[in-house]
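The chain below stands alone and is given as structure tokens, in the form predicted alone.
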């Protein structure tokens, strides 16, 4: 009988899909922003305020921020699982990363809907 040693959580396909989907969402948002920048000259505070006055732009920006946070979490989690061998240190780094990403997302919501 062969005893299998289970290493990690075997995220595999889910992590791969999360990285690809969030990357596509961020790329689409970037193209939209580039289009807005190219079509409006000059870009000043008034233009930014008018652009983010639209609800669809706030929602798109929030979707971008959530995608960026998820993308960063999956990447950092994989780096920690691959290179940090001490369990306590890895857990501490993961908790710090989660708290930081959640704080950034909360800050983004505050900026968008202030």
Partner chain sequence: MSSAAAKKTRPKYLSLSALLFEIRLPSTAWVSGLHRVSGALLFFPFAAWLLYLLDTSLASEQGFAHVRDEYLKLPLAKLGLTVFIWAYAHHFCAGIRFLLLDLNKAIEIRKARMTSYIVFAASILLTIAFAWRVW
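Residue numbers count along the first chain shown, from 1. This structure is a prediction, so every number in the text was calculated from the model and none was measured.
What comes next is about the form predicted together with its partner chain, which does not appear here.
Q: Spell out, yes or no, whether the shortest heavy atom distance between residue 30 and its partner chain in the model of the complex is within 4.5 Å.
A: Contact with its partner chain, yes.
Q: Indicate whether residue 72 is a 4.5 Å heavy atom neighbour of its partner chain in the model of the complex.
A: Close contact exists here: in the model of the complex, residue 72 approaches its partner chain to within 4.5 Å, heavy atoms only.
Q.
Even though the partner isn't displayed, in the model of the complex is residue 59 close enough to its partner chain, meaning a heavy atom within 4.5 Å?
A. Taking the distances in the model of the complex, the answer for residue 59 is no, it never comes within 4.5 Å of its partner chain.
Q) Should residue 13 be classed as touching its partner chain in the model of the complex when contacts are defined as heavy atoms within 4.5 Å? A) No, residue 13 sits far enough from its partner chain in the model of the complex that none of its heavy atoms falls within 4.5 Å.
(Q) Can you list, in sequence order, the residues from 80 to 103 that come within 4.5 Å of its partner chain in the model of the complex, counting heavy atoms only? (A) Counting only heavy atoms within 4.5 Å of its partner chain in the model of the complex, the contacting residues of 80 to 103 are 82, 83, 85, 97, 100, 101.
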